[in-house]
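First, one chain by itself: the form predicted alone, in structure tokens.
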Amino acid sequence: MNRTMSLVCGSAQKWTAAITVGALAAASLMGPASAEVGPDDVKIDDGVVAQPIADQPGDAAAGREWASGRKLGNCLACHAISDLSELPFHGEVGPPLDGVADRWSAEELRAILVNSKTVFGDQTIMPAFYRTAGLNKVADDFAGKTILSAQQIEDIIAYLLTLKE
């Protein structure tokens, strides 16, 4: 190959590489292909929410923190979880969550966390963790807000799926 041809080919390769790098950078700035599902857009059909509601997959370690936290998830207020035995004051109102992954699928757990009344009926006292409409006696500071974010819901599901018998 002569020197001119080598320069042209080398320049074309550099341009191709630059365009590829630029396209990848633009794609990363645009974020993931899927978007978080807003609380008013979550569809619960036959007791399941078929698709994740957050942009990122759930993180079981983060979910364990949310489930054990006394401010947001606060699962221990109502449920006993042997995996969290180092923490005091496990609740007895709801069923123990040991083995929950053997009883419920990710899609069913998502529906339960989003709005438990669609699964268990109006008699349950479990709150709707990802809902803003149709709630009763919501303090003004919390009106229009969910208890948990979509990502926190997915994180808790990832954690619950580790709780097998």
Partner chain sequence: MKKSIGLIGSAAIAAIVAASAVADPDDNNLVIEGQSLVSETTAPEGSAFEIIYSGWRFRSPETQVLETDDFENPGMVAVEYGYELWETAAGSSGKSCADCHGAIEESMSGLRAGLPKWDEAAGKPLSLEHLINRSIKEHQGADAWKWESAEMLAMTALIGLQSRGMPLDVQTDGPMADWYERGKELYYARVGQLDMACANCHEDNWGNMIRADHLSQGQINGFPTYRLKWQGLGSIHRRFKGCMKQIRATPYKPGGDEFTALELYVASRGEGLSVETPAVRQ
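Residue numbers count along the first chain shown, from 1. Bear in mind that the values here come from a model prediction, so they are computed numbers and not experimental data.
Below, we turn to the form predicted together with the partner chain, even though it does not appear here.
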Contact stretch among 130-138, 55-63, 96-104, 38-46 - heavy atom within 4.5 Å of the partner chain in the predicted complex: 130-138
At the 4.5 Å heavy atom threshold, is residue 149 in contact with the partner chain in the predicted complex? no
In the predicted complex, is there a heavy atom of the partner chain that lies within 4.5 Å of any heavy atom of residue 125, even though the partner is absent here? yes
Against the partner chain in the predicted complex, would residue 81 count as a contact residue? Criterion: heavy atoms within 4.5 Å. no
Close approach of residue 118 to the partner chain in the predicted complex, 4.5 Å, heavy atom: no
